[in-house]
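Next up: just one chain, as structure tokens, the form predicted alone.
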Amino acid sequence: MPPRPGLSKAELEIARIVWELKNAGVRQIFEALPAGRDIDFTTVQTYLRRLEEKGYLNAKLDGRNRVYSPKVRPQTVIRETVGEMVDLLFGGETLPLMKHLVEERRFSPDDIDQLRQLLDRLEGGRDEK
């Protein structure tokens, strides 16, 4: 299967709403936009059509309304998008991305504990091999 075209920031915003709602018409998606988001109804329709054409959403008619649902799982899109970003910004190397996130973002004590548990689990899996 050829790779899907990437998503713009606005398309990703609309896709996230559809992932959350599961099945929704344009009106529901439009109304789910964050308060103060300056985007009109027809623009939401345009983004939904693009997402369908790019292979991210399914659409079916329910009477006169189109109902959209996810065609691709969010985790798949995250994996593909992060992979593209790692390739583009870090030459395919993941450690520089991790260092950047750790050094530039704020981590709560809970975040640090979860990260430590993940690293311990990964290191433990290495010992079993």
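The first residue of the sequence shown is number 1, and the count goes up from there. If you're wondering where the values come from, they're calculated on a predicted model, not measured in any experiment.
Same protein, other form: the form predicted together with the DNA, not shown, and the subject of what follows.
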Any chance all of V18, N58 and T76 sit within 4.5 Å of the DNA in the model of the complex, going by non-hydrogen atoms? no
Find out whether any non-hydrogen atom of K99 is located within 4.5 angstroms of the DNA in the model of the complex, and reply yes or no. no
is_contact(F90, the DNA) in the model of the complex, heavy atom dist at most 4.5 Å: no
E103 within 4.5 Å of the DNA in the model of the complex, heavy atoms: no
So in the model of the complex, is the DNA close enough to Q45 to count as touching (4.5 Å, heavy atoms)? yes
At 4.5 Å, heavy atom to heavy atom, what parts of 21 to 41 sit next to the DNA in the model of the complex? List them in sequence order, or say none. V26, R27, R37, D38, I39, D40, F41
